[in-house]
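Single chain ahead, by itself, as structure tokens, in the form predicted on its own.
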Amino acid sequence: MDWFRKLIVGTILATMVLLPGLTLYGEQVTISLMMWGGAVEEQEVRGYLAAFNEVYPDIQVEIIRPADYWPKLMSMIAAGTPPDVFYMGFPEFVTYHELGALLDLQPFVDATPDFNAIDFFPGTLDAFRDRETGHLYGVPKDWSTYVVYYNVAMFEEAGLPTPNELFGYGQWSWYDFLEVAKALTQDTDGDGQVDVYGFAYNFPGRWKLLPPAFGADWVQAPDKVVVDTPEFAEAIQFLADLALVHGVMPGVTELAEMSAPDWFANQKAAMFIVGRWMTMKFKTLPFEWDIAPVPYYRDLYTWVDLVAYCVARDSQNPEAAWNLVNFLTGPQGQELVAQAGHAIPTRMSVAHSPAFIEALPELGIHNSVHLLPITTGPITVFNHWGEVWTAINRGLEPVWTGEKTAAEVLPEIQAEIDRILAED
């Protein structure tokens, strides 16, 4: 019977070698996961990892959460000691892929029968593909459309329909929104100073929401970014004037003293626009709030933020890293994301299931608003993203302070964009 015993042992060992995540003799593998976000997000991620370890007990994951995410990631890659798995935004992907810092995940995808690529929302996988080969270099971990967060009691006290009702009535254009914000802006103590704003927004950095709604087709191709148009100017000026002219929004000075989400959280602003991730912070607020679609104008539009898990090309444990990525982006991992209020699951089967639609039932918020068929984008990013984005942000600074109009600064910004894109 020795031959039979040897055959059984040999078969078991061969199986252990072939199965992903298993190692001989129960040997532990340790990999690192680098993330951004606050302590609440880290706590949620640790919950995801606990579920992962129920499936892969031999893979331990160490979390790295630096204060300066992008400089830290770049320095670790340059030093040859990158994290095994890390968050990657879709705009930054272009730079890191061009540097050759990311592992080609296509062989792992091809070897994973239940990966089910068609379950991902359209365009989310494509944002992390090589433009020539089509190979996948990142798997979307979550995504988020922007929505309006609003204080329910403030709308009731002002006798106003809710933003969801106004959207249903067809009365939720950006100019309708302005009138609502005026009605909600209050000087509660009569000293001539605004105490409660109708709206708060991180507008110096998140202006990107408005131009497409105003009809501006500004990202026309990876090598063609056009901002010097009447539509783009109207959108930017409208946003600046919410603070400068209408006084319904904290300006750059007020935002330097307190962030836009804190204006909302402290009930000093009735509305706030941002993505799903803010739900993790807001779910413990001591007042009732809900979410509604962002306003529209010439087009129905909302911005999408999209983040993937990437694996370092120089990872010493690529198989274990893939097992982590595949679990977290699979149905089980995505259900955990949905239930935490962390983000919108990238898998359609989960996003349209009770796991997301009925998430955080104690809050009673309209989670499905995130899934409304409003035009989203751009997911396809442009070349020299960091340089172009910096040029736009710097060029718009005089608009936010009222020193210049949007129409005055956009020609100069356009010239700088054209110069940057011509470098290829």
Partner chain sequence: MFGKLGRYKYKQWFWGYLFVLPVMAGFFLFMIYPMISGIALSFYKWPGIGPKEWAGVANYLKMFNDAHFLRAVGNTVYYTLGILVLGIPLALFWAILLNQKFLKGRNFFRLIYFLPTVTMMAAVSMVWKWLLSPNYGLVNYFLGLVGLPKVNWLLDPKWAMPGLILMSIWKGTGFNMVIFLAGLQGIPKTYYEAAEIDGATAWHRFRYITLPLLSPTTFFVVITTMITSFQIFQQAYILTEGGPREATTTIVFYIYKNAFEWFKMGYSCAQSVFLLLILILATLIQWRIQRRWVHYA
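Computed from a prediction, not measured in an experiment: that's the story for all the values here. Numbering follows the first chain given and starts at 1.
We do not show the form predicted in complex with its partner chain, though everything after this point is about it.
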**OP:** Give a yes or no on whether each residue among 53, 326 and 352 has a heavy atom within 4.5 Å of its partner chain in the predicted bound form.
**Re:** no
Original post:
Which pick from 152, 221, 99, 348 sits with a heavy atom within 4.5 Å of its partner chain in the predicted bound form?
Top reply: 99
Original post:
Using a 4.5 Å cut on heavy atoms, which of 196, 166, 77, 181 is close to its partner chain in the predicted bound form?
Top reply: 77
**OP:** Look at the stretches 143-151, 127-135, 88-96, 304-312 and give the one with heavy atoms within 4.5 Å of its partner chain in the predicted bound form.
**Re:** 88-96
Original post:
Is residue 390 a contact residue for its partner chain in the predicted bound form, using a 4.5 Å heavy atom cut-off?
Top reply: yes
Original post:
Any chance residue 257 has a heavy atom within 4.5 Å of its partner chain in the predicted bound form?
Top reply: yes
**OP:** Answer for residue 401 alone: is it within 4.5 Å of its partner chain in the predicted bound form, judged on heavy atom distances?
**Re:** yes
Subject >> its partner chain contact at residue 252 in the predicted bound form, heavy atom, 4.5 Å >> reply: yes
**OP:** Give, in sequence order, every residue of 192-221 that has a heavy atom within 4.5 Å of its partner chain in the predicted bound form, or say none if there are no such residues.
**Re:** none
